[in-house]
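A single chain comes next, written as structure tokens; it is the form predicted alone.
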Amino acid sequence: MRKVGVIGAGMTIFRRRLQETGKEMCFEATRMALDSAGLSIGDVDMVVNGTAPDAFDGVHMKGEYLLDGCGGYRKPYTRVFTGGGTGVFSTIAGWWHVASGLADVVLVVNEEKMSSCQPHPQSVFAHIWDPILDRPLKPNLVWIFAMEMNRYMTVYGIKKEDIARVAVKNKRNAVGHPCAQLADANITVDDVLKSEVMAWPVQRLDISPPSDGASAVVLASDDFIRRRRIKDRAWISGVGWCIDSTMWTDRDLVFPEYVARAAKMAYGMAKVRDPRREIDFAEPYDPFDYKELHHLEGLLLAKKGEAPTLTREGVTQRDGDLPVCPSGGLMGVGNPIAATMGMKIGELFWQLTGQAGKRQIPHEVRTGVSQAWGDLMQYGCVVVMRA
């Protein structure tokens, strides 16, 4: 199995209703990633595209529609989608094509245009439920996650303000991000606690916004990196993924077992034996503020119920002992589902190569972990990267 590095990354701005088509956003992210790597499209052997169901863009066979914008014209191409997990899993799909020897250079391009869902993305999500057991209840994602958040808070005695601190931290971290949709340097815990209740205990400022955007990363083999003398690279040292039971009613929602199993797989490959001591920073998936805490525990970076304490004590701040979501995460930058690869994989590359600008962690970082979460509270994927 060959060694694989990330050698370039690109990302469009994230906004609620961008005028650009999905194809145009893919082109912009692709161009930035190739420029970052110092390559041309002729250097790319194949393309991986990560994007949500066709209904999000309102076109049929969306992967094929996006293909030329992704640089995939007359190149081997594959499309993957694992819900919110696509932001990390698409990179894993690119990794295995390079690690296996099938390609030297793979371009991974992720896109989402959630504003094309009319009247709202929830209209698409309304069709993901089991037609017999779930759909008669008329569920939506917010109240399902509200149950999970309530379970997490109740079991461990977590206060709402401890969860709100995540939203405050990430929106403030996003102030230094040029692509951010909801950066806010002045937001307070009180602002979060006074925001509109959506489905208790979830409030409006606990949730990341629907977004349009695209991101891209360039993966290359060790041989190619040495041959081209590429200096700015971050090595993918471990990958993992796991899907739990389809029925969310079959699981205790207090702990994301699917994340823990994916993390153990990735850590085993990366030879990480003590994650809390060996991981320098993390980019867990945070579409809701409580999910950052939930996923930190799933990543084995905090004991069960301990993540809120780490946040309260400043451990997860950008200048803390374990920076978490230094990019601003989904809570601050935005949530165009698959395109969150820009914060989860792109940010690891930028931080590990010292290219994160105003977001750069002030102390040296050598090892980072990213994680994404998809389907209906059941799928987790993890990537460990090293400088």
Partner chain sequence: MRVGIIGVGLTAFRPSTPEYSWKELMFEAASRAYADAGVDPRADVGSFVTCAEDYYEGFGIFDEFVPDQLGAALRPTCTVSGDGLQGLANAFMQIQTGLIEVAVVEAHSKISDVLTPIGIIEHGLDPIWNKPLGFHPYVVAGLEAAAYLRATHTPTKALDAVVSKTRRNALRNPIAAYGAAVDMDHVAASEARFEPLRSLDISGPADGAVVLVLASDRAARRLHANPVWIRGVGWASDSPSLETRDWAGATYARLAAGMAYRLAKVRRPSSEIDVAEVDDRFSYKELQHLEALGLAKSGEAGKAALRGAYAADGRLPVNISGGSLGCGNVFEATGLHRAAEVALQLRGDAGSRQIDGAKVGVAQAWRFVPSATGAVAVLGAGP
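Small disclaimer: the values here were computed from a predicted structure and weren't measured. Positions refer to the first chain, counted from 1.
The protein also exists as the form predicted in complex with the partner chain; that form is not presented, and the subsequent description refers to it.
By the criterion of a heavy atom within 4.5 Å, H127 is counted among the residues contacting the partner chain in the model of the complex. In the model of the complex, T78 approaches the partner chain with a heavy atom inside 4.5 Å.
The closest heavy atom approach of T82 to the partner chain in the model of the complex falls within 4.5 Å.
At a distance threshold of 4.5 angstroms between non-hydrogen atoms, V175 is out of contact with the partner chain in the model of the complex. None of 183-191, 264-272, 222-230, 291-299 except one has non-hydrogen atoms within 4.5 angstroms of the partner chain in the model of the complex; the exception is 264-272. For the stretch 244-261, the set of residues having any non-hydrogen atom within 4.5 angstroms of the partner chain in the model of the complex comprises D244, S245, T246, M247, E257, Y258, R261, in sequence order.
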